[in-house]
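For reference, the chain that follows is the form predicted on its own, supplied as structure tokens.
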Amino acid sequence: MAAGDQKWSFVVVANRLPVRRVWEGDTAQWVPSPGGLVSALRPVMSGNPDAVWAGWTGVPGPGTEPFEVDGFQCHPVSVSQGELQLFYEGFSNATLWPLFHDALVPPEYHRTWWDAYRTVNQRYAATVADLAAPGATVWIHDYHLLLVPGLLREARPDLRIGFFLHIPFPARELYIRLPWRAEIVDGLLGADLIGLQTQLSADNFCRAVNRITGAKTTGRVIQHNGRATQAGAFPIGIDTDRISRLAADPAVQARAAEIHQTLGSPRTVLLGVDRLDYTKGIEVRLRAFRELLAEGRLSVDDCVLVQIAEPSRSQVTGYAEVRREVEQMVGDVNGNFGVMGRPVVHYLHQSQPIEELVAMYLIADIMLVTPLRDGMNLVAKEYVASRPDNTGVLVLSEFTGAAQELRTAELINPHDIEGLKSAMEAAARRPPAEAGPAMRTMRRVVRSNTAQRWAERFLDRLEACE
């Protein structure tokens, strides 16, 4: 059978393939991406001759031939440069992303963006319909592909279709602002099982369906157009074994000691690790830190803040402004409170390898995870997994999915800057021994809900769908 004629019994569909292109001189090669989804699906994908992953390579233009990387069978889907601007930067990240994150910035609604989104979703659905064997299981991921379940159901009613949304689903009152609200609900209801990060998102989705279609739900089973679709909460985990191994690696520990010394061996290190995104609350924590220094509640003599802000969607409207604001605030804090050769805020606008992140987790006495809204936030879980001695304090926004599991963290309202300041100050003054019980409880939670367990739970539930 020719490679192009092969049919697969398990198909994963995501905006991106589980690989990234790395250049060595003039030569490019594909390497596995880091990321929770790749870790979660490795056991069921890697080396499985009946499994394939369909998605975009990250390079605009015609799709390349299928290829294999690290045991993952990859089937590229083409996205043109124009579609990238309209479908990805436009509808996905300037319409859906802000709307689904509580409209923290106003979503934009443009018919040209919607047309491109629909076109790309149709291409993904047609690709998967061609790849899937009779009765295959298909697992579709995230907000870029909300129409694919319905399109695929229409083309291939024999398939078992699951969908997982990695970001929050908004309150019904927000969702119904979307001009194409009915089309997207119809698309999602093509799935047998819809997974969301939290019970609140699952409830929000069911309420939106009821408002738009009139369909009733019983125990989160939605009856619509003669079919049943189940919705449920499946909070995603991390690869805890990998983080634990890195935290115990002598090379990583040596790097942690080196970083700590470079920072001036402060008594207290506060750390933030985020994509540079307006949902992450970076500006809020910088403002809180500045005020604590100005009020004398924290001292530059024994306290530093390290902020990693990974580049993100630089072409999308508003992101350049977020970067300018963050960098102005960093300059303001350092200009007013730093001393020669010793800034009080160490800011890096660059991606970091996981080994470097774990080294930073090891020296962080306080981890600041303060998004204004987040589907889950895996950084919080990575920090917990990297603390085998049960030290450290996690200051965590109530508006993350992780807050529903890590209930012994210092939970804060990121819109309440005085409350955030109080939590940061209390964390800086807390003796390490007093942090132990809370961290020990969180570590049990993180170890019991790994990325692999998440995938197994979802796929087992999908298999049981009638």
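Since the structure is predicted, the reported quantities are computational estimates derived from the model, not experimental observations. When you see a residue number, it is the position in the sequence shown, counting from 1.
If you look for the form predicted in complex with a small molecule, you will not find it shown, but the lines that follow are about it.
For the options 286, 362, 94, 273, the residue carrying a heavy atom within 4.5 angstroms of the small molecule in the predicted bound form is 273. Distance criterion of 4.5 Å from any heavy atom to the small molecule in the predicted bound form singles out 236 from the list 161, 231, 236, 344. The three marked residues, 266, 428 and 434, fail to reach the small molecule in the predicted bound form, with no heavy atom of any inside 4.5 Å. Contact annotation: residue 296 falls outside 4.5 Å of the small molecule in the predicted bound form, judged by heavy atom distances. Using a 4.5 angstroms threshold between heavy atoms, residue 308 counts as touching the small molecule in the predicted bound form. The small molecule in the predicted bound form is not approached by residue 187, whose heavy atoms all lie more than 4.5 angstroms from it. For the chain shown alone, residue 374 is a contact residue for the small molecule in the predicted bound form, at least one non-hydrogen atom being within 4.5 angstroms. In short, of 320-328, 153-161, 120-128, 378-386 it is 378-386 that has heavy atoms within 4.5 Å of the small molecule in the predicted bound form.
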